[in-house]
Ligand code: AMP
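Only one chain is included here, represented as structure tokens and corresponding to the form predicted on its own.
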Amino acid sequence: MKVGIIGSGGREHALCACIKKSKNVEKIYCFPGNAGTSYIAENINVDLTNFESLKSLIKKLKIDTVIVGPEKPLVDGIVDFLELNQIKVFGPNKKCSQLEGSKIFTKNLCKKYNIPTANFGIFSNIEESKIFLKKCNFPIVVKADGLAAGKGVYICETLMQSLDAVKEIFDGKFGKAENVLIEEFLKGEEMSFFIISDGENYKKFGTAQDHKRVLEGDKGKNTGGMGAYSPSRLESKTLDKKILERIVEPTLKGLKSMNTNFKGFLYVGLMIVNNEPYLIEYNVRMGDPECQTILPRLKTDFADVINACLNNKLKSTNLEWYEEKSICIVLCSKGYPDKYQNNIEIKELENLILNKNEFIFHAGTKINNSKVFSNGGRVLNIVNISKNLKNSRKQIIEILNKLNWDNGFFRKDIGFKIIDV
């Protein structure tokens, strides 16, 4: 079987590595991939907004199955387009992808189906927002409606901060904005909860806790994710039942009422308040860096799982997991999530010797003359699997210290809520 993976981040390298282990996969292509994927697949540089060009390549290379990693092609309708051209593709269609593409779409779905979420208001201009914010208790959360690479969320402590956030959104920081979403701040603990669905049936696909803030102690600006561990310390059978019955199933039912079915990975971003789950957001794909922590724990052949979804046979597929826990620390370019330099060589990478329970998933990297250079804000993901998260984190930090990349920084406290210092 030939597999094509769309995307270029750490998530896509993890997908690629997991697919590579399958005995049924003979060749993997990555569109466009990164330095890491180039060692285990064939990278092909292609404009992901040019669906025609992508389709021609897939057909020319006789790719059997396509897996879509990032959100933008999904929201733009890549799945609908490829399916229309008789290409098997794993991921949700354009209508379902509105769950991530429009926070307002999701909030309205929550309202209609009584899905627990923070109270909210939707506003179409700065003045309306200002009138509402003057009546609010702080902190408050201000969100851009569309895709914002994980950075379009502001937690505001004061009226001035919230007005600045609204202004930035309407001024186009995350693209053209017709609306802004303002919602109450929920005080609790975040949890990333995943399912996989074939359009008819679904199965739970692991949990994790992401660390979004750039600084240790969960302080500083929001990022795409500085690290994660899996499973989440909050996971329990009781909580799982609440999440599935109160949030996941009403959402899938709501989509069916719109004459569509969700197929692919669904990331359920939650705030757990006194053991009660509230939906913060949906992502219509695996999270990043959660994917890098969850997939190495999967014992079942990943290619078989994808095929089962494409053939509506997920119900009869048994998902097995390794008992070990997993932790990931992200190495970032200095200056991230603001301004940073690209094209900085990562010199010691090839000299690192990894144990079988250790993985490096590339994110923002590229190869030039057999050398690896940075090509983004989040550069490498170092992952360790063991029964002891404290030891795993220590070993990852040792790897990062050996790498000693001058242009990089990372958080040393990933998993601090579960790891005793």
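Numbering starts at 1 and follows the sequence shown. Just so you know, these numbers come straight off a predicted model, no measurement behind them.
Just so you know, the form predicted in complex with this ligand exists too; it's not on screen, but the next bit is about it.
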property: This ligand in the model of the complex: contacted by all of 183, 190 and 222, heavy atom 4.5 Å; result: yes
property: Location of this ligand contact in the model of the complex, chosen stretch of 139-147, 316-324, 241-249, 200-208 [non-hydrogen atom, 4.5 Å]; result: 139-147
property: Listed residue that, although this ligand is not shown, lies within 4.5 Å of it in the model of the complex (heavy atoms), from 281, 76, 80, 235; result: 281
property: Contact residue in the model of the complex, chosen from 212, 88, 72, 94 - any heavy atom within 4.5 Å of this ligand; result: 212
property: is_contact(residue 103, this ligand) in the model of the complex, heavy atom dist at most 4.5 Å; result: yes
property: This ligand contact at residue 160 in the model of the complex, heavy atom, 4.5 Å; result: no
property: Distance check, residue 118 to this ligand in the model of the complex, heavy atom within 4.5 Å; result: yes
property: Residue contact check: residue 131 to this ligand in the model of the complex, 4.5 Å heavy atom; result: no
